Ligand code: SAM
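Just the one chain here, laid out as C-alpha cells, in the form predicted alone.
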C-alpha cells in the first residue's frame, strides 16, 4: 500500500497525473484498502476481477490475501505499471482495455472488488449483472449507494434500486471520506457489498420496460404513467387484485410487488 508521497513519486516516474475524465481518484488510506478486502471476504485461491485498479493499492492487498487477480485497466501507463506487483506464482493478469468493451465471460472470476470509475458506474453494474458472480464489493458515489440500497416507499427508491435488487442481495456498505483519496473527490464515497441471488422466475425485459416507463414520471400515479402501455382500467384492476392503492406511484411498489403486478397484467399488453 502506497502513502501519498509514494503515490506522487510513482506518478512522477510514469510521467502522468490523475485524469479527471477517467475518474482517477486514488486510494491512499491503507485502513480503507484493508477494510475493502476484508468486506469482500477474500480467501486464498479466490479468483477476483478488479476494474480500474490505477496504481494498484487494492491490487496489492488482494495479492497479499493470496487471491488470483484479473485487473482491467484502461490507462495504458497504469496497466503496464501493475506488472511491478506480479507474484512469483503469476497470480496477476492485466488487461489493458476498456472494461465496457470487454466480455467478462472470458474471465474466470468469482468475486469482484473494484473502485469503479464513477462516471460509468451504472453501465458497469449492468454489465456485471449479466455475468455470473458470487459477490460484488464496489466503491461508488455515496448517493449511488443510497439508491442501490433504498427500500420501496422512500424518495431514493428507483429503477436502479429495483434492477440491483433483482440481480443481487445488498448486504452491507460503509462511507469513505474524500480525505482517503488523491486527488480528493468532490463527493463522499461508499463501499457496497452485494451477494448474488437466485433470479426471480420472471421475464426481465418486460418487467423493466414497465418499471423504466413508470419511473420516467415518478411523481405520477401508475394509472397515469403507464397508460402509454396499459389501459387505465387494466392498471386499476391489477392494483386492486394485489391490494395496492389505486393512487400508487412507482416508488411505492417493492420488487416482489412489481413482479406480481406484471404477472397480473394480460401478457399481450406487456410485449
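Numbering follows the first chain given and starts at 1. Since we're looking at a predicted model, the values are computed, not measured.
Same protein, other form: the form predicted in complex with the named molecule, not shown, and the subject of what follows.
Report the stretch among 91 to 99, 191 to 199, 155 to 163, 126 to 134 that approaches the named molecule in the model of the complex to within 4.5 Å, counting heavy atoms only.
After filtering at 4.5 Å, what remains is 91 to 99.
Considering 252, 255, 10, 22, which brings a non-hydrogen atom within 4.5 Å of the named molecule in the model of the complex?
Contact with the named molecule in the model of the complex is made by 22 alone.
Please determine whether residue 147 contacts the named molecule in the model of the complex, using a 4.5 Å cut-off between heavy atoms.
No, residue 147 sits far enough from the named molecule in the model of the complex that none of its heavy atoms falls within 4.5 Å.
Answer for residue 27 alone: is it within 4.5 Å of the named molecule in the model of the complex, judged on heavy atom distances?
Although the named molecule is absent here, residue 27 would touch it in the model of the complex, with heavy atoms inside 4.5 Å.
Hey, in the model of the complex, does residue 72 get a heavy atom within 4.5 angstroms of the named molecule?
Close contact exists here: in the model of the complex, residue 72 approaches the named molecule to within 4.5 Å, heavy atoms only.
Partner proximity in the model of the complex: residue 116 to the named molecule, non-hydrogen atom cutoff 4.5 Å:
Contact with the named molecule, yes.
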